[in-house]
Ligand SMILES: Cc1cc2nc3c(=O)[nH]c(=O)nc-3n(C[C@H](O)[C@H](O)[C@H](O)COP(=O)(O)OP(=O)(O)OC[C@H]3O[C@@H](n4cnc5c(N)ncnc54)[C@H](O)[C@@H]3O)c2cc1C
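Given as structure tokens, the chain that follows is alone and in the form predicted on its own.
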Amino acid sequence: MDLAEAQAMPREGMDYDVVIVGAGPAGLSAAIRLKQLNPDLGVVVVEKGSEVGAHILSGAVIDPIGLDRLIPDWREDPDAPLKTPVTDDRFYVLGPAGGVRLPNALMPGLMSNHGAYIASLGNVARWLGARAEALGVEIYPGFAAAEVLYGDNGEVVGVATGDMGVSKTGDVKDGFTRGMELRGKYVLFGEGARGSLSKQLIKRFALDADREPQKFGIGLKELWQVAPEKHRPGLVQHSFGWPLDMKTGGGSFLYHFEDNLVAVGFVVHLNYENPTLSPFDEFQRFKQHPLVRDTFVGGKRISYGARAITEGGWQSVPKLSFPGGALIGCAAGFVNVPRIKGSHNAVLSGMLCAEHVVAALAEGRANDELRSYEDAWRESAIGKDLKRVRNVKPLWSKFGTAVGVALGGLDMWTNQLFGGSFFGTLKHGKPDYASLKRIDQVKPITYPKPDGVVSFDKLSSVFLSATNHEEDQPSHLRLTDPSIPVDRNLPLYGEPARLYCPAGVYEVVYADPEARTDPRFVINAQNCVHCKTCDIKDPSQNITWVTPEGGGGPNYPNM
């Protein structure tokens, strides 16, 4: 039996009231809220990670506003994984040899982290998953939603999980299993930033019409267990500046929480211009800073990962509703960029959408558009949170770090004090993939070799992500035109995929490395940590990320 015959076989199917794609904070909060409002609803969540939380990566300092509304008594639950409240909140501007601490009194009130908790967002998702299952929600980890199902009138009616047992060459292997159809009266997509199905839906239903282009960053994170005398539980430290130049947006975080753990991370805005920039190597260089390095000397690096972050905010949120479904969480782009927080809005959006779904089902509706959800979000706590910081990102992008951050701070103060902005609502301009200069227009960046003490290489880092893919399967990184990497991207940009990828997935290999003859573009798909940066930043928009077999990818512990 060939592949075409195998894929012509009918799928088994199951029917639910609501199907949710993605067991992150948004999807699980939606599931919990649905069951809170109507325990009789049939609700299913599909998750591509091997377990709930396996693909979740965030800082994370969590604003509990969402959890307070979803589970008001969560502080009384001994299993709740939010144990460390923020007790010390610091902001620095870094230079090569030192840093200047910004007085907290100068920071807008909305930037304060007091009242928030330092935690592993992956563990929060695991805890929410257990709460959802206790309410009767069905959760299926290890099943990647690979296809949107449409009805006769083009409405969304469900999703199909991917087929299992197809070889790298497209042949049917022994044990081939057809994917399953999960059909629902409404389907909610909580795939996170740049979700593969969400991307298709945005295009199919023109959900981004009359919106600014979505903007992104790449966030890289390591989890360390540090020496006890260097541990400061409750300390939250953010910085911007070095090692990035003043034209490149980004920043860092260090979060000290329980068990001598420190989460350290680095964010690079993906509208950077220099194609020789490597976000991974900027992160490793950052850890060598005098204000940072000593924290990790004598410690142990436990885990590593990377993930794209939505940064467009208020101006870039697409239309959330379409016939048969809706976008929730980071799939919709609800991250508050200056606060580096999105989990609170993910929870709130899941709840808000669930409430509108329940109202629609009570009216006997199904597979129509949840216009009330789209109409409601801008006046909700989510909209209020995003509107007051809407100009921070475009000001930073336009004026650079020194001037842009100062103007962004001023704009947040005016929003806080007067409820408005002198700037109105600024535009973002071109998408991130269009921002790269040609390699002959920039000064190439040279990075130091890792010291093996606090800085490391990509492959040893990917090992700590516990990333695994079935090797004999079709690549989930698709090239529209296989000739473009060598024929266009290499001469124009030095093929930036080999640098922006934080996992060593992309390489340019030469037959004669010294003479640099006969270049060949190589994709090591098994290394992929599912960050989606390639899908976003490729200057030719030639790379498309699709779901691999369910369960493939990173297996993040405590991230």
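A residue's number is simply how far along the shown sequence it sits, counting from 1. Predicted model, so just to flag it, every value in this text is computed and none were measured.
The following text describes the form predicted together with this ligand, which does not appear among the structures shown.
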In the predicted complex, does every one of G59, A144 and A346 come within 4.5 Å of this ligand, counting any heavy atom?
yes
So, G250 and this ligand: in the predicted complex, are they within 4.5 Å at any heavy atom pair?
no
Considering non-hydrogen atoms and a 4.5 Å limit, does this ligand approach D411 in the predicted complex?
no
Does A308 reach this ligand in the predicted complex, with heavy atoms at most 4.5 Å apart?
yes
Using 4.5 Å between non-hydrogen atoms, is T547 touching this ligand in the predicted complex?
yes
Single option in K341, R126, K230, R90 placed near this ligand in the predicted complex, where near means a heavy atom within 4.5 Å
K341
Quick check on this chain: which one of P243, G192, P81, G158 has a heavy atom within 4.5 Å of this ligand in the predicted complex?
G192
The chain here is shown without this ligand. Which stretch in 34 to 42, 507 to 515, 487 to 495, 48 to 56 comes within 4.5 angstroms of it in the predicted complex, by heavy atom distance?
48 to 56
